[in-house]
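Heads up, what comes next is one protein chain in two forms, each shown on its own as structure tokens, labelled structure 1 and structure 2.
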Structure 1
Amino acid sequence: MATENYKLLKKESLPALFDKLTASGKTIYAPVKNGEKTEFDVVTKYSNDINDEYIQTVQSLKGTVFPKVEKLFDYKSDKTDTSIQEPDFSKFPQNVLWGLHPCDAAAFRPLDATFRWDYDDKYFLTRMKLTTVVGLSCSKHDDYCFCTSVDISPASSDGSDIMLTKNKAGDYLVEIVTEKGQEVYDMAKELFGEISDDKESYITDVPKKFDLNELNKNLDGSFEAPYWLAQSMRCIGCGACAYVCPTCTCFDLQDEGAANKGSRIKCWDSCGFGHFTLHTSGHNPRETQSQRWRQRILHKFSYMPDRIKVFGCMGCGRCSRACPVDMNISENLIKIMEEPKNE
């Protein structure tokens, strides 16, 4: 194992760093212990409830850049005059997302690719631009984790602006990854030291369950495969998997309010819902749950890499943990590679 040079952030410097971030107008999201669970929450100062040894939260921080409910604009309208009031994009929050694991940090890449595909989504891109991601290497994992199977490592800094790894002393080895990260560092230089250490020795070993490119190739010509039906028999058709997923982007557009005054809203939706693709005529191209399960898997592992050059799964395992009927995604992906495509 190789020793390298890192910046050092001592545990006792964290309160001062959080104070500085808050004072500079940043909103900090951090993993906070709540009973047995740890969830991301807004914090204004450092506390001992901030958990740097959590495995994974139920919800990702997708909502900070792609909120579950986003007001696109307000409208006012009478018979012959209508006006549209867009939000003040300059007032969008400056977020610091603290302590995300590498899978979550990497998840911003597919989100970005989708919301940038030929048409720039100003709401997402503005939020993303104002976001600083402070990643945290994983010291633990569970059986749902499979980041290494989707070409992410529990220590990778891809997607992070600053990368932290907790060492034996409980302090952080710090890597400044991007300019945004440099800005945070410059703001609080005095809190950082220098250290030589072996980062890899603090990182958990997530076993590789399958090969991503092999899976991708395997999915070619799988549209009519019998396994979609077999795998989805248990599926009860809720949207839990999509809503906890850090990369799912399906959304709905809804008007709320009266004819003369109201808003247009973009809100989360899921390809797992039966009415998602229902035509007004009553025809539904994805009428059964197996067709919708197929869409979920093919979208992430075949369509996205083909169309926007990025896979739609980061191996965080959230969907599998959240599923009420144990539709375990990595188990199903492995089965897809083992089973024949044609009967």
Structure 2
Amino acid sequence: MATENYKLLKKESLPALFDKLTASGKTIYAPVKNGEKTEFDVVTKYSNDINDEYIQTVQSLKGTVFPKVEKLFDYKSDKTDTSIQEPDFSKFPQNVLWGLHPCDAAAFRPLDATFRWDYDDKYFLTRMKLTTVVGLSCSKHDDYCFCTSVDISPASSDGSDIMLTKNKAGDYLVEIVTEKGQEVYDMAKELFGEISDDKESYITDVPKKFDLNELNKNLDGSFEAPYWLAQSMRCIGCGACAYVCPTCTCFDLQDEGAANKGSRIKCWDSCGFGHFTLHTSGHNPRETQSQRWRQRILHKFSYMPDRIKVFGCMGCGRCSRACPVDMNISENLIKIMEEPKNE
């Protein structure tokens, strides 16, 4: 395989790079060791606690651009007038998301498509504009990973502004992907060298479990298929899958306060919850868990590609790892490929 020209970032240069990013006013999120697990957290400097060999974190960094709870505006009302005060968008943080695997970096694409679908969500778009994504190729995987089945490579730069691949010496092959990535490079050019190498030799080989386009075709006309009930029998509707998913965007709007003064809040929700589609009349168009499981799968693999031209699953495997009753999404998708649509 032909080699390519990359920038070289020596591991000894990471502390200086982090110092420059922090000094420029950016908040850095990085994968940090937390006991036996690794989770993303805010760091102010580089340390040995930053883990660049993790397989996956429980939570993604979706919350940095789509917060779990976000105030949309404050309102005041009297007999003659109503006033609305939005947040100061100029005070939104400038974030550097360091060390995201390709499945997480690629997840910003369906998020962007969703929040631009029928209107431009300026809260999301402002946060996204202020975010720089430093991706990290995967050097290992587990049985829950299935990124290659949803057409993502363990070394894909899609969604990243800079892409890192760790070599055998512990240094990094660096790809400058976007203008944001170029800005980071220009900030610290003296820390980067040149290298010609083949990054494919340093990444893990994730086996492909199913064909994404064939799955999409198989779901067409599957609304009344019997497997929805069979697959959902263990589901307890806890919503863990949606909360750890890097692409789920269900949310609820709540007004907190009184009629004349308060705040409107946007907060995460899940189509797996029984009350998500409950009408004021008491009618619920998705009253059973099998209907809600069907909605989750069809939304990600049928409705989203049809409506906004992007699939809603990145193959990160978080939902399967987090599920308390061991519902493995890739196993269920394989069964959908194998089973008939109708009885």
Partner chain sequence: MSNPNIYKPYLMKIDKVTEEAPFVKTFRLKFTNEEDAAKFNFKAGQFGEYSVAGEGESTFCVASSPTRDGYIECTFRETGRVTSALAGKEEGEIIGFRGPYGNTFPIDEWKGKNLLFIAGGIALPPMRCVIWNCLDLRENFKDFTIVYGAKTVNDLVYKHELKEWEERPDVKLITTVDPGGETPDWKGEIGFVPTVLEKAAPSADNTIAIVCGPPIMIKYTFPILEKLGFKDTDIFTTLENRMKCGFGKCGRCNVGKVYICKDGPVFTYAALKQLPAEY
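Take the two forms, find the largest set of C-alpha atoms that superpose within 1.5 Å, and that set is the rigid core. Counting starts at 1 and follows the sequence of structure 1. Note that this is a predicted model, so its numbers are computed, not measured.
The chain as displayed in structure 2 is taken from the form predicted alone.
Once you line up the core between structure 1 and structure 2, the Cα of residue 81 ends up 2 Å or more from where it was.
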